[in-house]
Each structure stands twice: as C-alpha cells, then as structure tokens.
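Take a look at this one chain, the form predicted alone, written out in structure tokens.
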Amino acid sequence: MAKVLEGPGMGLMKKWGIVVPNFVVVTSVEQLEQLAQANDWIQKGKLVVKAHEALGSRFKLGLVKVGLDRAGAKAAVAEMLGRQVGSITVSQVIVSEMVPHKDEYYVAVKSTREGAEVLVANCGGIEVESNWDRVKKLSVEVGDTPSSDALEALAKQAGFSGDLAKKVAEFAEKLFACFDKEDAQYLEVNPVVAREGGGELVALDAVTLLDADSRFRHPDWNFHFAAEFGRAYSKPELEVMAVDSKIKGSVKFIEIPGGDTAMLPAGGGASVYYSDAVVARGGKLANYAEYSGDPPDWAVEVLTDKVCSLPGIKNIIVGGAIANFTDVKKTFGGIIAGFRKAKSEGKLNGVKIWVRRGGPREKEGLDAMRALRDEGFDVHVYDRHTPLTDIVDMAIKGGK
C-alpha cells in the first residue's frame, strides 16, 4: 500500500468524474507566477495554499493558508518552501481555488477482507472524528459493484434527503469506480462540500492509498508515491521504484543511514527474517531490499548497484530460502553483474559478501558466485543446508 499526495490523488478522482477545485502544484514562486498568467482563477479568486508533503496536522503547523489573494498566495508559497518539519523539507506547495460552501460531508471507500466498504456521513472535516456514529457503511463483496439504489439508500440512512441524497449517491458511485479501477486500497474525501450557488458536490481534500505493485497496469500514473517514513525518497530509491514499475516480479530498496550491514535478500519473507536477525545480533542495517517473483536479471543488477553504493558498509548479505520458481542462476547473474560494476568503480573495498540460497538451478548460481573469489571478491557461499541465521552470525562476527 502506497500513499499518494493530494495533487495526484485529486487528479485520479477528476479522471473518474469527481469535481475537484482548480489547483496547481508548484516548487517556486516564479512557477506560480507563470501559471497565474494562464489561469484566471489564480488571478481573480480567493486561494488556499498548503504544503504538498506527507505531513499530518498541516493547519496546526502553519502549513495551510486560506482566503488569500494572488499576492498573499505568493507570500505563503515563499514562506512554506524550504521549511524544515522534522526530517521533511517542504519542496512542493499546492495552490487551489477556495470553494465557497456552508456544509461539509464525508465519503470514503476502503478495502476489507471480504471486498470493500463504502462510508458516508452528513458531517465532515474535523467533526467526523467526534461523530463517528453518524458514519453509515455499505459492504461490497469482492468483484461486485454497489448499485445506485443501494448507494442512495446509504445516503438516506446517513441523513441526506431529496436531491442531495441522489447527489451524494452519485458522488459515492464515482468514488467507488475510482477505487476499483485505480487499484486503490483506501480513498477518503473529507470534506465533500456543496458549492454555493448551485449545490455541485466538490472534493476539497483527499487521502489516497494505492496498491503500489499494480503500477504496471497504469501507464498514466506519472507521480511518485509519498514516503511513509518521515522523509522524501532518495534518488536511488526512486530509481529502483521506476524499475519495479516496469517489470514482472519485484525489486525493492530503502536506505537506512548509518548502517554497516547491507541486505540483498530474495523475497519479502527472507528480507524481514534477515533484517530481524541482523538487529537481534547487534548489527546495524544499512538498507531494506528484496527481489522476488523471478524478476529479470537487469532489474536485479540495478538493485545490486544501489546496495553496493551504500556508504560505510562492511557486509552484504545475499540470502533467501529455497525458491519455488525464481531462477537462482539468472537472478544471481544480475547480482554478479552488479558486483562487477561496483568493483570496477572502486566500491566494495573491504566488504565481505555472504551468500545463502536454494531453488531452481541453485548449483549453477552458487558456483558462479564462488567463482567471484578468483576475481578478488571476498565472497562466502553456502547452499540450502546452511541455516539462514548462521549466515547472519558469520557476517556480524566476520564484520567486526
């Protein structure tokens, strides 16, 4: 599950017919000025300015400004950009039109074990948290789509009536279509407002969580996911994510500053297992990584290059259980190519490499790894008969 920032989240909803405010995402005051020349709503209307980062409590932090004219918006953008909040530096700001309204509502769709759940309330904003008993729910089984009648009944149950109940039902129907077609796991619009002078429902703010592994099905996803650990993604992390979005199988990479033991495990289970073992034995992780689902060797080579480029590492653990269908020789070919590239660039000096793997063509793969000793690599290779934890023990002891 991956979080999407407000701008691209609004863009996805607009794609499925949901009305959103006019907005732009800018990285400088100059960019806002350029966009103002082509957008009358920036020049003439009231504006809202918000830090476009994965931050909670933006209003309390002074990172939301409302009711601004163009000059006020420029000043707010200048004030917010570059501001440091914890480990996050504000690098983007979203500027949107201010939508006149009186009442606020709440509509969401979330994934459940049985399928999905549509949630509706006739209160929104901060009120919904203290009035959760007013949120009414409709369960939808896997593969099903809620009917218009069922959604209208849900809206009426939540306290809407007449034409507004129909509008809320139509809004929920569009939100569910977005949820279903965009491989979302959670979509929340809070608040939904009725624009003064016509009653058109508008999504003012949104929380969007998508299935990151489905990116290959969505060529129009031209946005980065928001980092979930209090900082922006690094360039190497983004490069691995770009590879991951294009391949069968998967490659993952997250940096952990200050560590000396780098991880290059096969599969999510092995990656967590090895990481826990390193920490339990007093080691310091330099990264999280994994390759799984029989990815192409070139993708594994890219991942290996990022792992070898981590600063201050003393050990690299190339581990995994016994694969069912991942070709050990082929994926090891990508790792070996990455090791050779790193060595040619002056990396891996003093770094010990620890390998443990089993699976299809394991003998050929392990033999190819052992052959690296003849090229000057400090590599230690073990087969399926060596317990996974033994590799960690040897790496931690050997690295000290």
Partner chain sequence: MSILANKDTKVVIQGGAAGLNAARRMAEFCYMIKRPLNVDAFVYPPDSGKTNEVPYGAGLVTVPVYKSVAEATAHHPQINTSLVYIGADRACAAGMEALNDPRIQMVSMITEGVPERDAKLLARHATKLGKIFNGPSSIGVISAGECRLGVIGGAFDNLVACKLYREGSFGVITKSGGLSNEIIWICSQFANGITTAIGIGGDAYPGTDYVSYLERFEQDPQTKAVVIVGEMGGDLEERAAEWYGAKARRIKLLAVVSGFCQESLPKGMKFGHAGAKEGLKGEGSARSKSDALKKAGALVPETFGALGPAIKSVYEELLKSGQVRPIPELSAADLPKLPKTVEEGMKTGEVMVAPLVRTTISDDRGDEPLYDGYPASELINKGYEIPHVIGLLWDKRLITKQEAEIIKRIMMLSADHGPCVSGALATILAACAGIGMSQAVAAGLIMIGPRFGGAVTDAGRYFKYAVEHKMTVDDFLAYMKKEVGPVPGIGHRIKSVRNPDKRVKELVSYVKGVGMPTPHLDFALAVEKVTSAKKDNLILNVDGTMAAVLVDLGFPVDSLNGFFILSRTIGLIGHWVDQRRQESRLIRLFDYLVNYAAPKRREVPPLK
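Here, rigid core means the biggest group of C-alpha atoms that superpose within 1.5 Å across both forms. Just so it is clear, the structure is predicted and the values come from calculations on it, not from any experiment. Numbering follows the first chain given and starts at 1.
One more form of this protein exists, namely the form predicted in complex with its partner chain; it is left out here, but the text below deals with it.
- Only one segment in the set 72-80, 159-167, 271-279, 305-313 has any non-hydrogen atom within 4.5 angstroms of its partner chain in the model of the complex, and it is 271-279.
- Checking E200, E114, E127, D103 for any heavy atom within 4.5 Å of its partner chain in the model of the complex turns up a single hit: E114.
- A single residue from the set R217, R134, K246, K137 has any heavy atom within 4.5 angstroms of its partner chain in the model of the complex; that residue is R217.
- Using a 4.5 angstroms heavy atom cutoff to its partner chain in the model of the complex, all of D211, E290 and F325 count as contacting.
- Contact annotation for E239: none of its heavy atoms lies within 4.5 Å of its partner chain in the model of the complex.
- Within this chain, G45 is remote from the site of its partner chain in the model of the complex, having no heavy atom within 4.5 Å.
- Not displayed here, its partner chain is kept clear of Q92 by more than 4.5 Å at the level of heavy atoms in the model of the complex.
- None of the heavy atoms of N22 is located within 4.5 Å of its partner chain in the model of the complex.
- Residues from 136-169 that approach its partner chain in the model of the complex with a non-hydrogen atom closer than or equal to 4.5 Å are E141, V142, G143, D144, in the order they occur in the chain.
- Here A75 does not count as shifted, since its C-alpha moves by less than 2 Å between the shown form and the other one after the core is aligned.
- Put the two forms on the same core and the Cα of D40 is off by less than 2 Å between the shown form and the other one.
- Superposed on the core, the two forms differ at L388: its CA moves 2 Å or more between the shown form and the other one.
- In summary, the C-alpha positions of T27 and E255 diverge in the model of the complex, ending up at least 3 angstroms farther from each other than in this conformation.
- In the model of the complex, the Cα positions of E255 and W221 lie at least 3 Å farther from each other than in the form displayed.
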